[in-house]
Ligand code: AMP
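Below, in structure tokens: the form predicted on its own, a single chain.
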């Protein structure tokens, strides 16, 4: 890591700890901020937005919201909780119109409260506007300070509200012009969906950190609706066809005049988030133009080549390790067995506020199948080790079920550095791979052997010959300047 970045991270340790103490030490995963959805030209737009968010629920389980337009007024509803709990038929009936945007959130910027639930909306000289955001602005602190000094009053602590203030204060007369003006001032990771009274505008940052897919949906009257989503699994649920991605540095305007695509700024060095393919996206999605399941299976195959071991069964840590474990099994010839069963009705422990519940998080979520594990040499496949505490408890669980040996295989490189682009990672001090060698990690998690996928093999699995992906969490090198309070982390590249 660049020396300036190291100093900044060490100085800023207390701030990072405060940001992430809301997570449990049981949470040995990384979690991304949110999922976004937008649709134009469908008579029951809010109903399809609900279905789209339902498909994107894995991207955030803290809050959800939908804003719709009937051509005259924007209607909005947002609440804490899960999509299916929030959007009852009665609620959806109060969201009329053929245009809608939606958002499901897990916070990486701003606290956990209804005031930070999205879409956020404002009435200004450009009319009513609502916005939903996936990502994290790296210069939000500086922009917010300048706006407040100039008289702006903020209602939330979310970095997304900065964008609305910039749009509202722009001297451009049209919403599209004001949005271009705002986009040129913000930095970092953003896939944005905007709703106006008669149009939807979407935009992606010039590095293309976060995904934003575009699709089409046939309407009964023969017209075609335009849809956008963080992942294509949302298209599958509503019967839409994926036609490609919104480009880095691109803005797409969908209104009465049709679809207009333009570059609001030239694209910069690509930095698509590798962790979308490693863990976060659903395996049935196409993300950054690549099938996620295909990438994960290859990751499993490659880690099997790099770290072979004699064993009796390959067991995934469900659900994120399943596809990689299938790849490991296929490559090694060792039988795949579902030796751990996940309880899907518990929810994610990192969202659960009770410490008592978090202490039992792994047992609540996973249960070993004793007859598949007893007396066996087990290869346990997972997508990542972050703090190491959950991995250790899972290894212990497999041993307690009678496994003779437990060999842990991780389908990504060691996570050594925090992410500032929309993935909620612990501070560097809490990242076990930043503090310990691989052998020390093996001892901590109590596995017989431990093997990580190499960075070179991750490049191969992503078919990333021209280095279009961001690997900063694995390298400590950041593709942009990152500002945290008064500290600036150096731009050092991301590969």
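Numbering follows the first chain given and starts at 1. Bear in mind that the values here come from a model prediction, so they are computed numbers and not experimental data.
Beyond the structure shown, there is the form predicted in complex with this ligand, which is absent from this document and is the topic of what follows.
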query	finding
Site check 106, 320 and 424: each within 4.5 Å of this ligand in the predicted complex by heavy atom	yes
is_contact(residue 390, this ligand) in the predicted complex, heavy atom dist at most 4.5 Å	yes
This ligand contact at residue 383 in the predicted complex, heavy atom, 4.5 Å	yes
Residue 288: touches this ligand in the predicted complex, heavy atom cutoff 4.5 angstroms	no
Residue 275 within 4.5 Å of this ligand in the predicted complex, heavy atoms	yes
Candidate stretches 243 to 251, 224 to 232, 275 to 283, 186 to 194, one within 4.5 Å of this ligand in the predicted complex by heavy atom	275 to 283
